[in-house]
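The data below hold one chain only, encoded as structure tokens and taken in the form predicted on its own.
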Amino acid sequence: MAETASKAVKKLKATAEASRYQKEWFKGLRARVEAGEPFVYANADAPMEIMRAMDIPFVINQWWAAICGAKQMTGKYYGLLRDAGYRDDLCSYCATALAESFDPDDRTAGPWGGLPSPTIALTRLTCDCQGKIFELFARRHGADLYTLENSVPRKLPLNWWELDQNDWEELYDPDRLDLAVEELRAFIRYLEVKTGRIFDINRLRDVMHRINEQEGWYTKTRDLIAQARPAPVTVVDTINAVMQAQWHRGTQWAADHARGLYEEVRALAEEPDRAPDPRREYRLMWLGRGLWHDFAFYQNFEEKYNARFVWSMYLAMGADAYIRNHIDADPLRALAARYIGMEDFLHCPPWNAQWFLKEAKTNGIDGVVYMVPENCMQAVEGSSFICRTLENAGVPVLKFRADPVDARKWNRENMTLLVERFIEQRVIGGK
């Protein structure tokens, strides 16, 4: 039984600004769609930079699922999905928008006025069910379904984060890059015919450079938090600030916002009167998607144990996975080199396990709390290998199953006790 969550305390202006901007942007997007502009509903690992360069409005699937979870709407939506004859335990990140489409009151009761009907549903074929869910979603809205292939690596450099910014020809198999570039060209031709918009390679170059600027600030922020004692901020601020801005990457607003986030965190870290807590600070890593329906959960352990969640994948992936240098020679190949490895980095051991271990060491992590979604094939991600890699390096791990956006099975009291026992017995007791 889900419990009513108290509200997380967020202290950064950048976090509030991201939420404010997102609401205004979504209002403008709805107006553009209602005026007849094309609209793409895209999965997070699709090449959104193409739509940005062509000024085609789009919404990212995972961001919208997070909004529905934060607004406590998913219980209603999955009940409607069940009533329509579908299983209501489908992957919540992928299926929330499909479930929402069964709500007859969505235009009045949905988050921010509900999701507009898209012209195109765009996804990569990264698991067996994702493509089918997007197909059903597209059919519900009368939209085109456009899919991109997901190739798999034949070589596994363990230090991918040292290669991906400059040496992607070494990191990836050349035929993977070749295929991705050809698919990008075909996608551009499709968009030009479907929308009447003309693709300009120079606009894509500008988008890619602004993304590098944005992710560069995330690198500085990530590294600052890793070194600062005590931690100036926690994931309650950084997840919200970064995730919302990432879906605007390629805009000057997003680059400026990333800079503002860094400057605000640096100011907190450099406050001359910032006296450390006399107790030891225990630094926790959160593995997995954000717990969107109960963000206050992350702060349950600060007062009692001085234990803070200082790391999440959102800021760290921005730092290590997005930057691509040497863009000007071939921006399409640089873009291909950005998105074809996202599943490798996040969901394939040993790529993900070695990166998590590197980040745990760099950030001085005392313990890892690892939420594995109950119903997502991708998020299985070799979790046993991840736990073994961290535990073998002396980093204790608590692994549990929960849903990032659907709170129906969430029990905060039970989960709080579970994490408290972990902190007492393995984080503090193991020192």
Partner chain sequence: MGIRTCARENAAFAELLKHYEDPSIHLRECRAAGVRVVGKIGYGVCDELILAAGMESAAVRPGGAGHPLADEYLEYAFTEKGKYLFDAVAGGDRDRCPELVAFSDSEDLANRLYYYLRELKRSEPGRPVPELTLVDWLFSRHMTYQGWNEKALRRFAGRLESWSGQPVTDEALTEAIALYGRQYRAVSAILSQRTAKAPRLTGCEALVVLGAKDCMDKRRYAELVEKLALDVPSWPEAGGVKLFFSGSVQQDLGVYEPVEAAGFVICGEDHDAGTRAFERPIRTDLEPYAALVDSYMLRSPSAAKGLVKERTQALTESVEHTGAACVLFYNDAYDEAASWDHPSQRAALTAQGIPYAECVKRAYPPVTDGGFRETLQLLKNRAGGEYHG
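Note that the structure is predicted; figures quoted are calculated from it, not measured. Residue numbers count along the first chain shown, from 1.
Missing here is the form predicted in complex with its partner chain; even so, the following discussion is about that form.
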| query | finding |
| --- | --- |
| The single option of 376, 40, 48, 390 touching its partner chain in the model of the complex, heavy atom within 4.5 Å | 376 |
| Sole residue of 209, 220, 176, 197 within 4.5 Å of its partner chain in the model of the complex, by heavy atom | 176 |
| Region of this chain that lies against its partner chain in the model of the complex, out of 63-71, 25-33, 358-366, 395-403 [heavy atom, 4.5 Å] | 395-403 |
| Residue 308: touches its partner chain in the model of the complex, heavy atom cutoff 4.5 angstroms | no |
| Partner contact for residue 76 in the model of the complex: its partner chain, 4.5 angstroms, heavy atom | no |
| Distance check, residue 57 to its partner chain in the model of the complex, heavy atom within 4.5 Å | no |
| Partner contact for residue 105 in the model of the complex: its partner chain, 4.5 angstroms, heavy atom | no |
| Site test, 81, 87 and 125 vs its partner chain in the model of the complex, non-hydrogen atom cutoff 4.5 Å | yes |
| Heavy atom contacts to its partner chain in the model of the complex at 4.5 Å, residues of 128-166 in sequence order | 128, 129, 131, 132, 133, 135, 136, 139, 145, 147, 148, 149, 150, 151, 152, 153, 154, 156, 158 |
